[in-house]
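To begin, one chain is listed below as structure tokens, in the form predicted on its own.
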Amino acid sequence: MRTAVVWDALLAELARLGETTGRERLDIVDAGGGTGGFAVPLAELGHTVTVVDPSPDSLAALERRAKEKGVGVRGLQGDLADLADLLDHDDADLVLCHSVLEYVDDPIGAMTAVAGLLRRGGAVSVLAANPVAAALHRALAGHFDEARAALADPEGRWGDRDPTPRRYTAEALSELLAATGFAVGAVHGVRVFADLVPSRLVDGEPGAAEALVALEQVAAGHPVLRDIATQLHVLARRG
């Protein structure tokens, strides 16, 4: 439910890449892919998937998850800064960069490394935390000063205890991708309502989860609702 909007975009992009490359089996790199929440399902679709992640524990869990599903996923220890050393130039059709840019020291360098990894016409899927949502959630929790701080801070942080070093507005995300040579597609909101609706309303009502997913899919591209989503998602292509 939380990632339905992202999967809609990924499946459409995979279909496009399959048509343009003439290959059903695509080469995918999941940078910061952790335990394989995206990587394993993509491998189940028949693609060649490599996960790059700094945590050996996450990579071990990835290996177990892939084995349970009967697929092979390569795991490499490292982070975005290591991509050029771990993988060959022009080696991927699609790179996932989900919930990673918030934590890298050099976002420009990171996305430049991703661009170097992609073949011409390849795509990057970027998912990043949204500062407007952070302010909304802090306010709903009664932390009004922190909500105001998140709106005023250039990096969207609500205070010294904020565990997220950086958040991105739609404009900032698009500017970062454009600055590193990508043609930027539409930005969509992810988890517009999913993080606001009490779970009891979803779990206790027949058909509620499916209805919420349908609502999220409509809200993802809404010109106002998109900008209050917990995360923002964009697909960008290497020229």
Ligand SMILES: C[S@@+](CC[C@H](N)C(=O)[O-])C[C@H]1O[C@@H](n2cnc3c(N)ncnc32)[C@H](O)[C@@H]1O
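When you see a residue number, it is the position in the sequence shown, counting from 1. None of the values given here were measured: they were computed from a predicted structure.
Beyond the structure shown, there is the form predicted together with the named molecule, which is absent from this document and is the topic of what follows.
The named molecule in the model of the complex comes within 4.5 Å of no heavy atom belonging to G121. In the model of the complex, no heavy atom of A128 sits within 4.5 Å of the named molecule. F38 belongs to the set of residues with a heavy atom inside 4.5 Å of the named molecule in the model of the complex.
The closest heavy atom approach of T48 to the named molecule in the model of the complex falls outside 4.5 Å. Within 4.5 Å of the named molecule in the model of the complex, a heavy atom is found for none of D195, S199 and A209. Among A133, A113, V104, A149, the residue placing a heavy atom within 4.5 Å of the named molecule in the model of the complex is V104. Segments offered: 153-161, 139-147, 74-82, 87-95. Contacting the named molecule in the model of the complex at heavy atom distances within 4.5 Å is 74-82. Although the named molecule is not shown here, in the model of the complex the stretch 112-132 places no heavy atom of any residue within 4.5 Å of it.
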